[in-house]
Every structure is written in C-alpha cells, then in structure tokens.
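Presented as structure tokens, the chain that follows is alone, the form predicted on its own.
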Amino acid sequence: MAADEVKKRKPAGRSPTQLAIRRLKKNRLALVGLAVVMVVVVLGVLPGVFAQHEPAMQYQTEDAWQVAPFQNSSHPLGTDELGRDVLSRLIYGAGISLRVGVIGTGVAVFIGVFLGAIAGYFAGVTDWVVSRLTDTFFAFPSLLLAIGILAVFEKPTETIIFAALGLVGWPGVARIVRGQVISLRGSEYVLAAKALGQSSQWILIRHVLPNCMGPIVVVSTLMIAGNILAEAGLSFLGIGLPPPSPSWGRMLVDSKDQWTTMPWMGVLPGLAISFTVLGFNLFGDGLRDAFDPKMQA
C-alpha cells in the first residue's frame, strides 16, 4: 500500500516528444489538418478501392458524356469533355500529388540535411562553400528554377519532377539544419563524445542529427504542401505531367476552355488542391507549435 502511494506521488516524467504529442492533441486545427492529410493518404495509396472507373477510360455514350455532377449515379461528380469520370480522376490524382509532395520533399530533405549538417558541424571553409551555394540557389525564384530544369525535357516524368522539386527545395532545409547543428555542436554530450574519442561522423549522425528531427519534421510537412502546389502550377503552365495523366494541375489545364459550359471541371480539382494544401499547412503549423520548446506543457 505504501509503495502504491509513493508511486502515485512520484511525478511522471515526459520526454520532449511526449510533450509535443500532448500539445498537438490539444490543437484542434492541427487535428483537422491531420484528418485531411489522412484522407488524401488513403485515397492516394488505395485509389482502386474508391474509384469506380479507370482515370483514362472514355465513356462516349449519350448518358455518360459531359455529365454534370449529381446527374448520374455511375458518375457522381460528372464527366469531362472526353467522357472521363471526374471523381476517379480526382482520386487517382491524389496519389500523384502525394507522391510528388512526399518524394520531392524527401529529395530536398536528404540534400538539405546532408549539406546543412556538414556546414554547421565542420564550419570553416566547408561552411563558407555550402553557405555560398545556398545563397546562389536562393537568388533564383524556386518556381522559375523548376521551370528551367523541366524545360530541358520534352515530356517530364514523375521522377524528373521529383528531382526538380528536390533541387529547388533543399536550401531552406539546409539553413535550418545548419543553424540547429551550430547550436548543438557545443553541447555537453557532444563534448563528452569527443572526449571518448568518437569520430566526428559518428557524433554527427548519432548525437547531433537526432536532436534536429523536430524542426526537420515540421519543415518537411510544410514543404509537402508547397510541392503539391508547385506541381499543380507546373502542370497548369504545360510543363508538368503530360496527358492523359490525372494530376490535379492537368485537370485544371483541361478545364480552361470549358469554364462556361462545364465549370465543375475546374472547380473540383481546384478544391482538391486547396483542401490538401490547407490540411498539410494546418498540420505543419500544429507540429511547429508542438515542438516549440517555449510552449507550455
């Protein structure tokens, strides 16, 4: 009995991650954003489960051609000018947007973490070279730089778009990681590891980078939303994925000439892009607040 009383009186210690999760659960907007993100993830990973039709299938029968939303049970959101089911194209487009956002961000994070870590930890000439390289990339607007990269290829593929978005997105990650590493390289546990004779590479990977994961996760979440929006913009400009790809940006391009006759063709993919980007931004903002050490538990 006494042992139980002592256990109850003993304060429960919480790790920084546990405190961050606790703060995140209290943020309703962040949870709404997470719910939107989960819906997009499920649709993107399992499109065949929810889509009734193939995205490129053309239905030219009289009752399935240029159908308005809610007019045909087989095509709940209508069909486009080629008789393709809009709902199925939206669902398959979620997978494209998710892949572009996540993989493009993964490429940027990999490059940014690597360069930012070595610049912040080794300093000196290494820091100067990486910083000047980062400044050079920051001198060009990211969308224009991505357009320049994609313009080299006649028909960009998803892999090329991943690489282009990664190449224009890493400087921001590198600066954040560099600042975090600079603030951590003089920590007591880093000095203790050096005193034990551990190599710089081991210290950086084992001790420094794990303590930078909070800011990296936050910036990655926000970057996914930016890459989804960038892919839609590139497709709208005609240098994204070629037809008949069901990307949301491509659907916006295809709707330009039918705004007056079939407005749903542009409104629906526009809403999909808006809600997805909003969801990732709300979730990213919630993560940023949750990992902020100045926030109260």
Partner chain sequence: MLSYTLHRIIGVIPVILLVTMLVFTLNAMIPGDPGRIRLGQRADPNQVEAWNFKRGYSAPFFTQYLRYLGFAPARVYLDDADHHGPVDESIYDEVRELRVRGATLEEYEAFAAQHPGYSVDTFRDQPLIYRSHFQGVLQGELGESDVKAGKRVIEVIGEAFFVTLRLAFGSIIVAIILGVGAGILSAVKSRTWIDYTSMVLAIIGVSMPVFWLGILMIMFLAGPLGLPRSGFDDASVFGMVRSLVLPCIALGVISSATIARLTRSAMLDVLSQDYVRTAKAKGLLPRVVVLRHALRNASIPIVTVVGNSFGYLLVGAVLTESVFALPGLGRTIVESIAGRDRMVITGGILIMSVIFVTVNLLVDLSYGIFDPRVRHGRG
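These numbers come from a predicted model, not from an experiment. Numbering follows the first chain given and starts at 1.
In what follows, reference is made to the form predicted in complex with its partner chain, a form of this protein that is not presented.
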Quiz item: Which of these stretches, 66-74, 51-59, 267-275, 35-43, has heavy atoms within 4.5 Å of its partner chain in the model of the complex?
Solution: 267-275
Quiz item: Is Val152 close to its partner chain in the model of the complex, meaning a heavy atom pair under 4.5 Å apart or at it?
Solution: yes
Quiz item: Is Leu31 one of the residues lying within 4.5 Å of its partner chain in the model of the complex, judged by heavy atom distances?
Solution: no
Exercise. Classify Ala20 as contacting or not contacting its partner chain in the model of the complex by the rule of any non-hydrogen atom within 4.5 angstroms, answering yes or no.
Key: no
Exercise. Look up in the model of the complex whether Pro243 has a non-hydrogen atom within 4.5 angstroms of its partner chain, and give yes or no.
Key: no
Self-check item: All of Asp135, Leu144 and Ala232 within 4.5 Å of its partner chain in the model of the complex, heavy atom check
Solution: yes
Quiz item: Taking its partner chain in the model of the complex, which residues of 232-267 have any heavy atom within 4.5 Å of it?
Solution: Ala232, Gly233, Phe236, Leu237, Ile239, Leu252, Lys256, Trp259, Thr260, Pro263, Gly266, Val267
